[in-house]
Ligand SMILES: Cc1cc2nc3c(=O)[nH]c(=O)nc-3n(C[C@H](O)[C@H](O)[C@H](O)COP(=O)(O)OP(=O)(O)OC[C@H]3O[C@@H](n4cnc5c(N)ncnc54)[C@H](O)[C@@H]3O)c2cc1C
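As structure tokens, one chain now follows by itself in the form predicted on its own.
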């Protein structure tokens, strides 16, 4: 007998899985989402955060471009707190770019993308950062920045309010079956090793680049090609709007202003496994060189980290590779294709089209379950309760609070000055059982994602582990050290110039001021903090009682 039962199990905690969970809950279907890491810890959280206008695909992949246009407009309505409506420029800097322009303009017209050619002088007045290399400019208002972490959390919290459940750091290791019908999943807690079973009527595989591995547990095939993309984060925005190169999509041809930073992207290279994503110095250098052709200041700004994500491109059997492969998505009905009832996969696509992807696969599963309630996720906002505070994005205007005896505004203390994160922004997440590391706090609040890369806020967050969760000092110290280590993994790829000096400051703060290295030398069993698990909060005693 299963340890627990539900209607549908959703595997995967990225944007698509979170969207599926919300869609199921809004149709009245009981659901549980399981994710082997944290929410948005895979492909979604490693994107460049572009809210796609469709301009990048309108020539070679018109269907994907049209989906981006339509879904982008929907997200501006239902997910306002996750979207920064920057607009974007497509710029030409070479003869090759100029030759691409007629096809680009025609593609925009076919896809329904607003495309206005403006004089370079006017463009520079609006966007002073535009490089001297820029020769022509197109204004695309549909481009923007979409915060992937807030988006996923918004969908999950909306689903939770309707009764859905979420289990992070929970890996699916097998399936329960009755003849040729899936009847549940076998899961393992990544931290404690505890195995549990969840009975269900259907399973939706929304694991992106990992979809093939999950399907293989049922001896069926899902062909997903993992394609690595390297991105570089600059310590300030550089530009007000997104800047795209007006040419056939290539490496280093986009700059996305993302809240307090700017993100340069991206490369495209097939990799053997979605978790094997090496970052080479040449790739980072190439991103900076290409970005500098579009915007001044890119080559002189502090490159504060680099990271890599993996695109889950669906193999349609064509001969195309890499950037030539479609960015569209596919819903796989394994009952019709493989004779395995109660199992469906959703693969391909991108963050911008997550809602549509979720709708399509939920339509299939709901139909199989006899549920006829239509999808309403395009009409109902993520923050759909009038009494709900906006917890998805903190705003500078909220930093002023009335003083006890008067109307004059006074400043409150901050957890993270770089990202303006307040104590009340982090407090609810320490009460959430799905939040199990300081990295999880980062993804939900942006603590540690600014220019100092957690040099200061890390010890404040560690202090909260003591006051909010009652952990002892050594356990909190280990969690802080693990959090700093995850930040270091991205910093080490840009270890030169001003970033080298920043790293020296961080090292001085934590080793000389806080004696972090000596504290970690004390007798601290690895199990106290989930050694190797990214700073888990549970002590050995707590874990043994689970």
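Numbering follows the first chain given and starts at 1. Remember, it's a predicted structure, so these values are computed and weren't measured experimentally.
The same protein has a further form, the form predicted together with the ligand, not shown here; the description that follows concerns it.
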> Within 4.5 Å of the ligand in the predicted bound form, heavy atoms considered, which of 158, 437, 362, 266?
Replying inline: 266
>> Can you pick out, from 123, 172, 78, 233, the residue that has a heavy atom within 4.5 Å of the ligand in the predicted bound form?
In response: 172
> Using heavy atoms and a 4.5 Å limit, would one call residue 343 a contact residue for the ligand in the predicted bound form?
Replying inline: no
>> Please tell me whether any heavy atom belonging to residue 295 falls inside 4.5 Å of a heavy atom of the ligand, as the geometry stands in the predicted bound form.
In response: no
>> My question is simply whether residue 454 lines the interface with the ligand in the predicted bound form - judged by any non-hydrogen atom within 4.5 Å.
In response: no
> Is the gap between residue 310 and the ligand in the predicted bound form 4.5 Å or less for some heavy atom pair?
Replying inline: yes
> Want to guess which of 415-423, 346-354, 438-446, 375-383 is within 4.5 Å of the ligand in the predicted bound form, heavy atoms only?
Replying inline: 346-354
> Does any residue in 1-29 get within 4.5 Å of the ligand in the predicted bound form, counting heavy atoms only, and if so which ones?
Replying inline: 11, 12, 13, 14, 15, 16, 17
